[in-house]
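Take a look at this single chain in structure tokens; it is the form predicted on its own.
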């Protein structure tokens, strides 16, 4: 990769486009320009989404699975050009660029890279989970039989619009099955993280997918709204403010804050030390940047002891150079975000909460290292599940420990993307099973961050893209 800034183009469903307008993708630490990213205005997006054919519809699922498997290796191993005629980007170049713009250390860049490869290489397994074991030949023929019953599938859209964030490259794994499900994709990348979706597209095309099946539109808020409105089905990532206007739209799958939780039942309270590793993993994996990280830990007793022990363990996680093999904390691409989060936590702990981590360490939460701005892990002890810090999710290792009555544990765990229930109590287990507001339930000592690609945990992409009907 050359020392001059890379060019990140607009991909207009098979046609590369160089815009007169661009934004700079910069190094989070020193502000140097890594790339010039072309911009597509909302008018271009609307124009391109009118009347475009979907070339994937004519391909077989078997062939698309072969393409995904080959793309998995190309994504991991090949030198791929961000733009036509530009210098190629090796895997090491990709990791360096991703780390520089997003703040992720190289260790987490590679871990997320492997997550993408896993989904592509095991796409048949992923589709079996999404379709609940359906004969994938139904996608080729539109009609068939399942469980002795005649079934017909009708596609809800030819294109899936996807508005991506910048916090974690692994979220790209959520839209990837659309390709094997014969649906073109229209991507709006995050400003600090255009590298991963573009590299995935380049790998899929190099593996034999038609370039006309992919749109890549770096754009503004108006352009993002045009993608969501112009595609009959869409996926939106963002915070509560970004996702709220689309939350009631059944054509948009909203991926906002997860508010994931660990529940330790009354039967396991005395054994909490045995589950400390699980708590550390749930809170701190992937730098705390995932919606599946536990932002709340609910217990019946021993809350003070659990909070202090967890804070001591997380205190070992310190800012390190991005290429340090022991690095696990992420820098903030926008230092102002870290400063605002730090101020918000300090403000809220004055009312019914204690910053246990601050009591145990001599260093401030907000830290600068190598030009990057970090937040050190933080464990707070809240007096109520209704405390603002017990209902807040931040993009670093942050969690609240809350004691509630045993009979209130299930209700306090409601509206969570993931709940890990460390209990054998049948009443508590049944109450959690019956709660439709829990996206994925882990029964037993499994971290909230454990992913099973055969078990979708935040919506079902197949059900978004297809209607299964009687015939």
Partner chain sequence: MDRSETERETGRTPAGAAEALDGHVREIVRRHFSEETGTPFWIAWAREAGWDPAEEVRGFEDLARFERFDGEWLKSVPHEDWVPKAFEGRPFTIFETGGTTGSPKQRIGWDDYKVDYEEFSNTLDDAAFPRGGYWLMIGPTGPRRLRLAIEHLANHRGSACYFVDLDPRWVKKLIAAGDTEQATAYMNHVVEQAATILEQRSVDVLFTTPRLLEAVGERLSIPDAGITGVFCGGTAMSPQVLRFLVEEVLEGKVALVPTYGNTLMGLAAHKPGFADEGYSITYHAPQPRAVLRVVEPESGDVVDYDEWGRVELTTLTRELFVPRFLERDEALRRTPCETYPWDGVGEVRPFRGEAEGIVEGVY
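Small disclaimer: the values here were computed from a predicted structure and weren't measured. Numbering follows the first chain given and starts at 1.
There is also a form predicted together with the partner chain; it is not shown, and the following applies to it.
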Segment that reaches the partner chain in the model of the complex - one of 401 to 409, 430 to 438, 63 to 71, 35 to 43, heavy atoms within 4.5 Å: 35 to 43
Contact flag, residue 47 vs the partner chain in the model of the complex, heavy atom cut 4.5 Å: yes
Does the partner chain get within 4.5 angstroms of any non-hydrogen atom of residue 460 in the model of the complex? no
Residue 450 within 4.5 Å of the partner chain in the model of the complex, heavy atoms: no
I'd like to know if residue 18 sits close to the partner chain in the model of the complex, meaning any non-hydrogen atom pair within 4.5 angstroms. yes
